[in-house]
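What follows is a pair of forms of the same protein chain, given separately as structure tokens and numbered structure 1 and structure 2.
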Structure 1
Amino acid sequence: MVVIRGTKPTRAVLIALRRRIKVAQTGHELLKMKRDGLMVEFFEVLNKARTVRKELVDALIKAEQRLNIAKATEGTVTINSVAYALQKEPAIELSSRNIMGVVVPKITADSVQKKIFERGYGIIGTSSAIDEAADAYETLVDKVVIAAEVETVLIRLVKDIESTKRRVNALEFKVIPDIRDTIRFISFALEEMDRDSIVRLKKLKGKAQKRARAEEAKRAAEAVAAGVA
């Protein structure tokens, strides 16, 4: 039995504690629901993250292969100059979304994938190997954007699940039992005080009666003495 330190066994404290335990219990229920909700969300995102990771690795391997072929046929210098000619930069948009009170980023990208004539270099002057390499890297960047969002969401969710779990457990195994013990302690103390005062009253009453009886006896004795005289 762990009694919260520094509590005084009074009725006012008892009432306050009863109110507090009600709040703690409601909070516990709510947090438990939040934890379960987060878990469901987490599993969904986890599956997504796993497939996205796999796609990302595949895209990376493919992109590196294509780039190596392009380098072998065209040389690094040509690829460099082609890369310089590129006009459009892939832009991403960062906004946020709310999952059960966890703010997660939402990343949207536009114009990563480009048509050949949109790239800004001549089609005739370069070989298809460069096009393929560029294409593969654009796919990779696409996947990177998706993976970045999904993995960030996952990390945030994991963090929040951990803290929510901790709070649920703290309430369930520490806060609520402690309050319950303290309530028991205070009600025992109050009962004990009640019994004390009853006993004291009885004692006092007994004493008063004794004194009254003694006085009556004395008065009777005096009356008798007066009668005799």
Structure 2
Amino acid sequence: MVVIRGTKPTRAVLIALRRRIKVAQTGHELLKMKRDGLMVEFFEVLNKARTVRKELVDALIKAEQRLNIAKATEGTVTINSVAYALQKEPAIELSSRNIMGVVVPKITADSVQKKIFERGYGIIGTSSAIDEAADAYETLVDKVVIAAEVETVLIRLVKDIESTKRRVNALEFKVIPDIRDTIRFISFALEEMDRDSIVRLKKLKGKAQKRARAEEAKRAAEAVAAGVA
């Protein structure tokens, strides 16, 4: 039996501990529900992460293939010139959302997918190989942004799941059992004190009754003595 250190065996402490264990049990149930909910969310995001990662790898391979074709067709100098012609760079916006009490990032990108005339290079002086390479790399950037959000959400969920598990285990295997043991200890101590009090009261009552009988016998003797006289 583990008794919480410094606990005094009084009725006030016993009442306080009974209230405390109810709060702990309620918190334990809520944390278990949160843990289970986070696990569901985690596996959903994990499946999405696997899909996104595969799409990202496929997009990277395709982009590199399209770039190599464009280099072979137009040459490295033309490719570099086209790359520097970009007028508007993609903008990344960060916000947040809440999953079962866990704040996770939401990442969005603006001006990634562009129309041909928005890319800044001349349409007439270039071939379709450059357009296809640009399309492929724009798709790749989109996949990178999506993967960044999904991977970050996954990491946040893992951290919070581990933290919630530790709190659940602490309540289940340490806090609540210690409170229960302390309640049993105090209840036993109070019962012992009650029994001791009853024994003392019986002794005091017995002594009082003896004194009363002695006083009664004395008065009776005195009355007999007075009658004889």
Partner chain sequence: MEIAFVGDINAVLGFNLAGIKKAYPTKTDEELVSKINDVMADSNVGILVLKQSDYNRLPKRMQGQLSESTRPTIISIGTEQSTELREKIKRAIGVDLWK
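Because the structure is a prediction, the values reported are computed rather than measured. Heads up, when I say rigid core I mean the largest set of C-alphas that superpose within 1.5 Å between the two forms. All residue numbers here follow the sequence of structure 1, with the first residue given the number 1.
- Comparing the two isolated copies of the chain, the second one is the form predicted on its own.
- Remark: with the core as the superposition reference, the CA shift of A12 between the two structures stays below 2 Å.
- Residue displacement note: I79 has its CA displaced by at least 2 Å between the two structures (rigid core superposed).
- A movement of the C-alpha atom of V153 falling short of 2 angstroms is seen between the two structures when the two forms are aligned on their rigid core.
- Superposing the rigid core and comparing between the two structures gives a CA shift of 3.0 Å at A134.
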